Each structure stands twice: as C-alpha cells, then as structure tokens.
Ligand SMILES: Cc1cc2nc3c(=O)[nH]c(=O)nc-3n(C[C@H](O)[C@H](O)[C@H](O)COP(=O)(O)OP(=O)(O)OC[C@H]3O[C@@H](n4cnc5c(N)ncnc54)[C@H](O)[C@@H]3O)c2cc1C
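As structure tokens, one chain now follows by itself in the form predicted on its own.
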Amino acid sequence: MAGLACARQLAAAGPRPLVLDKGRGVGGRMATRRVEIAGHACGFDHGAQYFTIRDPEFRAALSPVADAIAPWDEGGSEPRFVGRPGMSGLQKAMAEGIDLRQGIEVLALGREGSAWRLETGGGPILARHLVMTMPAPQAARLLGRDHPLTARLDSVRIAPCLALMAAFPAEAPRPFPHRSSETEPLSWIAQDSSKPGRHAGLTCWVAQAGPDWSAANLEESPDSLARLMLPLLAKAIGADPERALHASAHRWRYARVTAPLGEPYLGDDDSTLWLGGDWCLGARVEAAWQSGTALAQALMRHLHAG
C-alpha cells in the first residue's frame, strides 16, 4: 500500500515511477491466496484482514478505485472494508497504469556516481531517487549498519505472524464472522466466506497466531504449521479437523507493527533516498497509505525546489 500510494501520487504529478516487487502477486501483506479446492475456486485473505477509513484524504484517494472495495458488515464498532474479490483486489486496482515489475528482488544497494545502483537477479537498475517501502528490518539489511538512516530504524518493532488457511464443507459450523483473543494461541480467526464477493461454495477460514506463538514456531515448515494450527482452529469453531478439505500455512516474518517510528517517513541528507511504510505510523492499512503519500509529497517538493 505504501509503495503504490507513493507511486500513484508521483505519477499524477508528472514523474513516471518504476515499482519493483519481489512478490508474484500485487499487494504485499494485503494478500489473497487463490486455491482450487474440490472444484471450487477459493481465495484466502491471509495477510491484512480489513481496513478502516478515518482520514478524509484516504477516503478521497479510494474514490477512483471504489469498485475494488466493499464494506464488511460484521457488527464492528466502526465500518470495516475489504478489497474485492479479495484483499489484493484493491492493490491491483491501484497498480493500474503504474510501471510495476514483479518477481524482482533487490539483492544489494550501492552508489554509482549520483545514482543509486540496485542489484537484482535480472541485472542492475540505476535510479536518481530511491523510495523503499519494505518492512524496516529488510530496509536496514539492504542499507547496511554504516548507513546513517539504519540507526533510525532500530526503534521500530515488527512482530511475526503465522497464518492458517483452511476450508471446510459448506455445511460446516460458522459460529462467527470473526473472533479475536489476547490469550489464545490463535489471536484472530476470520470466516473469509462472510466477506462480500467471496466464494460461498465452501466455508473458508483464516486464522492468525498471536505474536508469542508465532515467534515460538516461526521456523517450523508450512506443512508442520498447518498440522499444528488446524486443530486449534477446529476447536475454536466447533468443527471436526478431519473434515477439512484444505489446510495450508503462511509465514509473515514481518507482520504487525508493535512500535512505530512516529514519523511518516525518513529521508537522507541529499534527498535521494526515502524510506516509508506502515512501520512509520502504525499497524493499519491507512497508515501505510499516509506514509506513502507523505513520501511522494516530500519527493515532489524536493524535485520542484531543485
């Protein structure tokens, strides 16, 4: 969200940004996993579960992509929204018209004259200005301990999250649209089938473990995690784990921002390097958008001043 928010702002103002994403699908942690299960095409929102809209500017920015979002009417204290047909649907809509290249991981950074040199598996890329919106620990590794901005990232804390995606027959129990707990190993359980625009042929669930359980089991294999988490989910929803038609797990090593930076972005002294993301302001989709937007505005001020 931060990277695409920044890119859309820049593109609207004139520059033509190039966006690199090491993932195969658009969205980062606003992710949807597509799986064919017993003849049904199912999607699991295994990252961010929903988002809220509190900032009027965020609401206005979503207007052009309104067809890609929908309210999730599940009785929350404030309106919650989801992407459709999955959470990544919003990101796909935001990426339209942007030069986005996926499956490209930046392996190393360096300077080449006045430009940044990005080493990738597909060869080097040169850029006069570089915006990095990956999680803070990943940005720190690329920059190296000697870079002045790296020390600024040391205060940021991001907890891991292990996610289970499970599907049961349509008649399986559906006791709630979602449940959260601060004491159970599974801190969040959501019935993906209850979200608007989702496939209703099966009962699909996403369960996310709390930070302590996630940290303790972080290095388990995905298959092992699925075996460990499925009985916990089945007990919580009153289902027979043997009736599960699908169970898979995903490891989010950097998922929940627990100690944000407290500033919308960071920039280096010569205004050629900029860092941002939800880790700047808080663990919310809207915070990622605010950071990305602030990044674009700061970069445009620098370009106009120069």
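Predicted model only: the values in this text are computed from it and were never measured. The first residue of the shown sequence is 1; numbering continues from there.
Absent from the display: the form predicted together with this ligand. The rest refers to it.
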Quick check for you: of 219 to 227, 176 to 184, 97 to 105, 145 to 153, which stretch puts a non-hydrogen atom within 4.5 Å of this ligand in the predicted bound form?
97 to 105
If the criterion is a non-hydrogen atom within 4.5 angstroms, does every one of 2, 51 and 278 touch this ligand in the predicted bound form?
yes
With heavy atoms only and a cut-off of 4.5 Å, decide whether residue 161 touches this ligand in the predicted bound form.
yes
Can you check whether residue 208 is within 4.5 Å of this ligand in the predicted bound form, heavy atom basis?
yes
Do residue 256 and this ligand share at least one heavy atom pair within 4.5 Å in the predicted bound form?
yes
Taking this ligand as it sits in the predicted bound form, is residue 14 near enough to touch it, meaning that at least one heavy atom pair lies within 4.5 angstroms?
no
What residues of 267 to 292, in sequence order, lie within 4.5 Å of this ligand in the predicted bound form by heavy atom?
277, 278, 283, 284, 285, 288
